[in-house]
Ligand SMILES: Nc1ncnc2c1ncn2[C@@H]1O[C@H](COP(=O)(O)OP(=O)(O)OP(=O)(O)O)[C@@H](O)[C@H]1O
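The data below hold one chain only, encoded as structure tokens and taken in the form predicted on its own.
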């Protein structure tokens, strides 16, 4: 099956001031050699610490930031003009209220994409009410303003705006951030329902591993602007191959006081992109780093089952997981 959207060898650079008195500038490599794809009707989760490049990658796929190298293809064709792509894609921003204009009523805000792209409407009011019904909001909300909505209601309005032109792909940046747990569940259920009803594909940018484990088909782990592991979500969680992935998974809290897990928390701080470490960029924080890791950068190696990992010595080959890593005898019987 042809991927709905795919990027190959994607690189994004920003310019930063430097030199004497900051009068010069130098290149900051934000993304380096990133390749990723999403198939129709599927969900890809982008996970990593702050500064890993997740949001930059999402914006680059929509042409919101310029790429220095690499190719983006949509429905199998190279993307030369992002205007055509933006008719078939949409983005849900992290702050639902700030992403809506305070000067526009909700009805006007969610139907604005029709005006931007020159799509005819028989009635703007009718279009607004249809979109509100789609996301479970009363039609009376069309006359309200963003500051009159709760976080969950504003998120639903953001979903409605994203779906105005019936896109094939929605990129959601932290769709549950700042919401109560019960409201998070409602939003995820809404997105899951709409995915089935409208044949949507999602790219979800998040820190929330528990959430992404529940909703995504595949997961890509990012570190310092590179994908270090990618594969089917269930398989990655069942057996992470990159030490960074294993540490992220192990750091997630377990909602059961009877269960204990060996701590694999990541030590040290994320290196600055101004001074990227030599070799494997994770070696400064990796408990299993060897001499080769410090001098030679690993490539992204694909294996059976659609898995890929950027590591000289993947965990399942070097350090097979032990039962003791996942709890005591009582835990394993649960």
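This structure is a prediction, so every number in the text was calculated from the model and none was measured. Residue numbers count along the first chain shown, from 1.
Another form exists, predicted in complex with this ligand; not displayed. Remarks below refer to it.
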**Prompt:** Considering 64, 273, 68, 300, which brings a non-hydrogen atom within 4.5 Å of this ligand in the predicted bound form?
**Reply:** 273
**Message:** I'd like to know if residue 125 sits close to this ligand in the predicted bound form, meaning any non-hydrogen atom pair within 4.5 angstroms.
**Reply:** no
**Item:** Proximity of residue 207 to this ligand in the predicted bound form, heavy atoms at 4.5 Å
**Value:** yes
**Prompt:** Quick one: does residue 33 come within 4.5 Å of this ligand in the predicted bound form, counting heavy atoms only?
**Reply:** no
**Request:** Decide whether residue 55 counts as a contact residue for this ligand in the predicted bound form under a heavy atom distance cut-off of 4.5 Å.
**Result:** yes
**Request:** Residue by residue through 82-112, tell me which have a non-hydrogen atom within 4.5 angstroms of this ligand in the predicted bound form.
**Result:** 94
